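One chain comes next, on its own, written out as structure tokens in the form predicted on its own.
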């Protein structure tokens, strides 16, 4: 990933509701969650949640599937992983000490 792509992705994530959606869907795991359940979980109206879900989908963070009359969203763990890897490789400059600090916080 190049810096310009990462900056664009961080731009998409620079919203409290979108960060909440990402966290909810990471917690939901590979099966994902319906748009209505996501809206309820983050305390958003369906239209506000839909707006943010569309932005996250367009950025490639989410996969959207129609199941009957329901839209189900699941996180693209590869996309999130690529962004985290970008930070770890470029910001930590390969420093074992910095990588240990980051992995201790995640673990």
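Numbering follows the first chain given and starts at 1. Predicted, not measured: the structure shown is a model, and the values here were computed from it.
As for the form predicted together with the DNA, it is not shown, yet the points below apply to it.
Annotation: in the predicted complex, residues 47, 70 and 73 each come within 4.5 Å of the DNA through at least one heavy atom. A single residue from the set 42, 59, 80, 35 has any heavy atom within 4.5 angstroms of the DNA in the predicted complex; that residue is 35. Interface residue remark: residue 64 is counted as part of the site for the DNA in the predicted complex, having a heavy atom within 4.5 Å.
For the chain shown alone, residue 15 is a contact residue for the DNA in the predicted complex, at least one non-hydrogen atom being within 4.5 angstroms.
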